[in-house]
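In C-alpha cells, the next block holds one chain alone, the form predicted on its own.
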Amino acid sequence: MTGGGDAPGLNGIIEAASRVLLKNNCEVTGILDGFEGVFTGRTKNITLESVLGMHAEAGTFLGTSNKSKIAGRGDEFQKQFAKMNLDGLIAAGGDGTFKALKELAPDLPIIGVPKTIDNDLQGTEITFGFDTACTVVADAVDSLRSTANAHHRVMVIETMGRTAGWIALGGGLASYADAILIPERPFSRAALAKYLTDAHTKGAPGLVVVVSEAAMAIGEDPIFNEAKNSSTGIRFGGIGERMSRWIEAHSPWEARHVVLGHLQRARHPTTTDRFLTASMGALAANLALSQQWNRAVVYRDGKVLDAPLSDIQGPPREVAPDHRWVKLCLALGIFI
C-alpha cells in the first residue's frame, strides 16, 4: 500500500518488494488508493509482468490518497483488512500514514518504508524521492539563470517544504543559487536587501533566489491559506510572489517568480532514488518473508537497515542551524 502524497520512487518500492516476494512463491496483493482501498476492499493482484519496469515511472502503480476520513474507524479498518486474508502489510508512506495506522490497527503486522520528498522524517537520514525533488529544483535554477542574466532580473523559485527546508537547501546548493531561504533560518530583510543591492552594484548580470514555501523573515509568520482537504488544515505557498514584489520595492532589481509545485513530485526518479528504492523494497520483502513485523526500512550511515517502526514516527526532522550544507552555503557566499 502507498499512502499520502506521491513521491518519485514509490513504483521502485513496489517493483523491488514484489519481485523478491514473487521469487519466493508468495502471492502479492496491491491495495489501491491508500486507506481508501482497505475501507472499500479494492485490491489488485500483482504479477511479475505487471510490475516489470515500473521502477522508472513517477507516481504510484497502486494509487494513493491523503484525504481518507479515518478518525474513529479502527474497528472498521481491522474488519476490512481481515477480509483480505493477508499475512501482513508493506506500507510506503509518510508521518501521516504511520500515525494513522498506529491509531487504526496498533497490532497490524506491518513493514514501514518512510516516504516523503521533504526528507523530514525521523529515524532515517534520507527518504526516497528527495534526490529527485532536488534535481527538479537544480534543473530549474540552471534553466532560469539564463533568463535572469538575459533580462538582468532576479528569478525567485518557490519550492515545496512545509516546515523543513531540505528541498530548497539541497536543490539550491546543488545549483549554486545566489540565495536560499528556508524556514529553519528566518532571514533578515535588511541583510537580504543589502546582499541584493551589493550584487547589483558589483555588476551581477542576474540572480536566482530559491525559497521554501514555509520560509519567513525574522519576526514574521510563514504565508499560508486554509485548506479543507489538507491533513493540517492549512497549505503553505505564496512567498515566491511576495518576495519578487518585495525585491523590486527594496532593491535595484526587477524580479519574477516561479512556483515549482507538483513538478517536484512528477519527475521520473533519479538514479540515486532508484538504487535507494531497490534496496529498501528488497529489504522490506525479506523482513516480511521472515515475519519480522513492526519494523521500518531506513537509511543510516550509508546503509539501508531495519529499525523499530516507532523510529520513523515523531515531529518533522528539520535542518540543523550548523548543518554541513548550511556551512557550505556560507563558505560559497550563498545568502542563507
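Every value quoted in this text rests on a predicted model; they were computed, and no experiment measured them. Residue positions are given as counts along the sequence shown, with the first one as 1.
The form predicted in complex with a small molecule is left out here; the points below concern that form.
- Just one of G129, P114, G172, G161 has a heavy atom within 4.5 angstroms of the small molecule in the predicted complex, so which one? Result of the distance check: G161.
- Looking at R73, R265, R185, H200, which has any heavy atom no more than 4.5 Å from the small molecule in the predicted complex? If I apply the 4.5 Å criterion carefully, the residue I get is R265.
- Message: Contact with the small molecule in the predicted complex for N294, defined as at least one heavy atom pair within 4.5 Å: yes or no?
- Response: No, no contact at 4.5 Å.
- Query: With the partner left out of view, is D95 within 4.5 angstroms of the small molecule in the predicted complex by any non-hydrogen atom?
  - Reply: No, D95 is distant from the partner.
- Query: Do D118 and the small molecule share at least one heavy atom pair within 4.5 Å in the predicted complex?
  - Reply: So D118 counts as contacting the small molecule.
- Does the small molecule come within 4.5 Å of any heavy atom of T29 in the predicted complex? Answer no; every heavy atom of T29 is more than 4.5 Å from the small molecule in the predicted complex.
- Task: Report the stretch among 103-111, 202-210, 257-265, 73-81 that approaches the small molecule in the predicted complex to within 4.5 Å, counting heavy atoms only.
- Result: Comparing against the small molecule in the predicted complex, the contact stretch is 257-265.
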